[in-house]
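Only one chain is shown below, in structure tokens, and it's the form predicted alone.
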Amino acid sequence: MLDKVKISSFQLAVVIIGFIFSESIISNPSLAAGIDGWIVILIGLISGIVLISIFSFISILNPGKTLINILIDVFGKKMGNLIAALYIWHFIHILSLVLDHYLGFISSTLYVQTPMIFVAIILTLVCAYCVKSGLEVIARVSEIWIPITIFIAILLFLALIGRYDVNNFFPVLEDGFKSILKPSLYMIIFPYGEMVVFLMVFPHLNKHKNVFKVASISTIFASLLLLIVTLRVIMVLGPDMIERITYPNFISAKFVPDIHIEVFIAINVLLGGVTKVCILLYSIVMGVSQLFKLDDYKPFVMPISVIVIALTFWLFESFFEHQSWSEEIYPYYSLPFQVIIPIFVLIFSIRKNKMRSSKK
């Protein structure tokens, strides 16, 4: 490994929680099912546990190796390098989509008159500085800011208790299971499938045998937080408003009386967003360095950051174009990277370890 630092179980846990929860509170795929969104969250939790189990056991069966090393071992040098390069591109693409999500939200709700290129540069520079400082710095800072986002999410849930209407949950599955199938498929990919990027981070856990335990508990906790947010939105807004509003989580939070809630939402979004952007950017530059067998990833941080910013402003002309692409194409585009190839790699890793055991 290029980066010899180690992180604790708690640090990995808060990073995973921030990764899952941060962007999901902006674009909550479960709310595409309306008042049945809570069912989608529960289905997504099951798929999330399955996926994180696959990623965890791949790492456990290949100790000390990142995704790039594992792909080369599984597919051979030529094919492995090609697939590794495609994964790096996939991570760059995800990062640009994440950044576009945040910029779209910020420009529509918080800083309407601020040029988005300015916000993109500031946010990316902060993340680039963290990544250059190393994974340990990212993890230590996450220990501070992720608990803040969790506290704000719980505080908002409690502050709106007086406005909740439990009748908004009924009728359950009025349109049948068809209404929750598509959101459930999307949720397998976002946010859980995107956690394949943690195959670049898991080798740095100081007690590597605890990867599955830490990752699975963190995934469950983050999903429960997302469930709390979803329940809050449903009980406050109801079915009619959820279908009409672009950012229902933000609007539901504004129902808190006598508080300028925009400040809390901005803190929640930006702090959580920095975690996800940092992990993706770190994984990309580490991947590039390992692919070209270089000794240092830091020279790639700024060039990759510039590419990501350019790609962010080039990909989509509007939020609605981004949303349409995410719903119609993104799940199928990401499926090979986040589900199919990892399953194949896991099967290969199990067989390889069995062969080693039989030889011994």
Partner chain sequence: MKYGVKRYLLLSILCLFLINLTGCWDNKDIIELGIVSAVGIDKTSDDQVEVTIQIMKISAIKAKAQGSSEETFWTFSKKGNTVFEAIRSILTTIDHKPFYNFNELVVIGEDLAKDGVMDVLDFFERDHENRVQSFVLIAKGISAKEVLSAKTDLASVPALHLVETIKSSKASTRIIEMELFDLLKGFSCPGKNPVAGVIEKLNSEDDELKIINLSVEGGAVFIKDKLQGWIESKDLVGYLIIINEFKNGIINIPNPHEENKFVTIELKKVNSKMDIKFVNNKPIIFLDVKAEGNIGEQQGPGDLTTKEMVKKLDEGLEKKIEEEVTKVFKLAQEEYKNDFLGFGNIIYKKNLRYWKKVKDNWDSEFSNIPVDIKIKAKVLQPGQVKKALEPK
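Numbering follows the first chain given and starts at 1. Since we're looking at a predicted model, the values are computed, not measured.
We do not show the form predicted together with the partner chain, though everything after this point is about it.
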### Query
Does the partner chain come within 4.5 Å of a heavy atom in each of 108, 118 and 170 in the predicted complex?
yes
### Task
From the candidate stretches 205 to 213, 252 to 260, 182 to 190, 275 to 283, select the single one in contact with the partner chain in the predicted complex, where contact means a heavy atom within 4.5 Å.
252 to 260
### Query
Taking 4.5 angstroms as the cut-off for heavy atoms, does residue 133 touch the partner chain in the predicted complex?
no
### Task
Using a 4.5 Å heavy atom cut-off, state whether residue 174 contacts the partner chain in the predicted complex.
yes
### Query
Should residue 237 be counted as a contact of the partner chain in the predicted complex, where contact means heavy atoms within 4.5 Å?
yes
### Message
Would you classify residue 112 as touching the partner chain in the predicted complex, given a 4.5 Å non-hydrogen atom cut-off?
### Response
yes
### Task
Would you kindly say which of 122, 158, 144, 86 lies with a heavy atom within 4.5 Å of the partner chain in the predicted complex?
122
### Query
Which one of 154, 241, 82, 224 is close to the partner chain in the predicted complex, taking close to mean a heavy atom within 4.5 Å?
241
